[in-house]
Ligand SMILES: Nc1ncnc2c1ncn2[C@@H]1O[C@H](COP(=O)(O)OP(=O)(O)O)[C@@H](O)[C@H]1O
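Next comes just one chain, in structure tokens: the form predicted on its own.
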Amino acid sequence: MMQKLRRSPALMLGLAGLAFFVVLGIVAPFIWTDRAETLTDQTHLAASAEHWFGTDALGRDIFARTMVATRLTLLMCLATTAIAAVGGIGFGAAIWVGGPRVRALGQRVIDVLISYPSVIFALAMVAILGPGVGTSIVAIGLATCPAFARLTTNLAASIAGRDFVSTARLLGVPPSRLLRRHILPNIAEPLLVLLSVAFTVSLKALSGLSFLGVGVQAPDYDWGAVLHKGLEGIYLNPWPALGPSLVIILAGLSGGLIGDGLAAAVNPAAGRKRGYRAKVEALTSVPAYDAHDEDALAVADRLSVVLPDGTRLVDEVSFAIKPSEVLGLVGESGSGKSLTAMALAKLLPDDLTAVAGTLKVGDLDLNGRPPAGRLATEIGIVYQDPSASFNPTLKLGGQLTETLRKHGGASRAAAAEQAVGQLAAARVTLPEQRLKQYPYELSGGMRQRAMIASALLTSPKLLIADEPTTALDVTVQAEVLGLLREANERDGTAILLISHDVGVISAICDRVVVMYAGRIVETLPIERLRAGEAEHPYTHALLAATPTLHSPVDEPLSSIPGRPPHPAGRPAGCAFASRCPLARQQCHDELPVLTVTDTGATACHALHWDKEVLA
């Protein structure tokens, strides 16, 4: 969907300059051709009222030749830029769509091609194919392609990690449509800037080839050829060289201004994996749920998320979520919470692999290749950053109704009606009007409510809320948590709520899973967490670092010294041992087993020490 262009002084100035040169290119041959090509005995004349740029060695008017050369020069530049943009963006897009292996090989090819200066590559082509207009266009165009290809692949890779792209992948959007609808519109701005650079570069490169005598050949001539002739008598008369040079600079400047102006104008917010599987080692912990529980809706049994080198970012995590239950997943940043959730949603990056004994939602087996339609409708996701939850180049209406239209078979009107109803249920003001707006036109709180409405439109069995309140103020946080609890109570939707904030978890969850360094260290009912009756020292540390209404205002909050270990450098024993005040040598040497109790499960050697003392 095309965005409405915003007024930009740079764009207006650049368009005015380009329009001038386009008009000049059209009319100049009709006005000045005779003066430009007529040979006279008035050679090497200085600039005057009759000959503004003087004359060349054959008595031809330099100004007239410069004006007439505008048409051929612009046509060559436009053709060269089109070859570079279409070829480069097409090649870069094909590499990105081709998958991890094709992407890696394609990027190496691009790196090799871009390491050679474009002019050197063009000179080599000209030397092989012979000088001329067509050869110059093709040579400079192909030489500029790698720059577009590299920028396209790099930008596509950065956008591919955004939340709205993850949502599209969850919906089963094919790579070609994903590229066309979500990737390319969001990388248009830097590509437009590069387009303006390519126009200017091609102008200089083409003029350079003609200046060297290997570009445009007589009787044709462009600005570079005129400049070449003007240099013959530069010590006697500089104007035959200065005139064409000035025109080249002005044309290049116009192209640059257009690119910068377009980049700002099209921005709607302006002015306001699997080629491998890691080997699963023997079970080292006891699952924190009953694997035979028929009531479990979502089940993760010995789930690991593994890098290509075998490093486990998430290490044999086991949990279950019952229908209508709100399960909290809490821990410091880097503990593996989001990776665990994204593995459950089949949205891990290409370089990560999820390995599990069981991984399912309802009867949907996530260890295999579940149907995209069921995956999109049975799992909903609310992301952390409301500003990244939606594609900024598309209006909300199309994004909110895409799942219903693609996988629910609803018409556009019926999907819009359901979207309006869900927005109203999420307490989004003016829901009909919001469908016609872009995401940036909504406040952060409204965007998050709209994201919740979008996730609930298909009545999913499981809703994954990945730190949905982090970017919001306290008042809006409470409203968002209230909406999640309402959906849970009204529709019976099971929720996996991820947060590093124990207070947020305590507000709406029924049960809590505490993660540290990619492993589960404790599970417990929310009542015990609220009462401060945790058993693991890490959970106690998190509670102590959480402010309460009863905390003394003049007493500093507790902090946890040190940092979690790197996944590749986890110790043989407990990962929390180096930060734990209760740690003994056993903690450093032996990995504690997650021991299931009547109220939850805890992985801590200190539990057994206490029992030994009591005995």
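Remember, predicted model here, so these are calculated numbers, not experimental data. Note that residue numbering begins at 1 and tracks the sequence as displayed.
If you look for the form predicted in complex with the named molecule, you will not find it shown, but the lines that follow are about it.
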| query | finding |
| --- | --- |
| Among 243-251, 214-222, 132-140, 343-351, the region lying within 4.5 Å of the named molecule in the predicted bound form by heavy atom distance | 343-351 |
| Listed residue (106, 334, 185, 87) with a non-hydrogen atom within 4.5 angstroms of the named molecule in the predicted bound form | 334 |
| The named molecule: the contacting residue among 307, 120, 75, 544 in the predicted bound form [heavy atom, 4.5 Å] | 307 |
| Contact test in the predicted bound form: residue 173 vs the named molecule, heavy atoms, 4.5 Å | no |
| Residue 512 within 4.5 Å of the named molecule in the predicted bound form, heavy atoms | no |
| Any non-hydrogen atom of residue 484 within 4.5 angstroms of the named molecule in the predicted bound form | no |
| Partner proximity in the predicted bound form: residue 564 to the named molecule, non-hydrogen atom cutoff 4.5 Å | no |
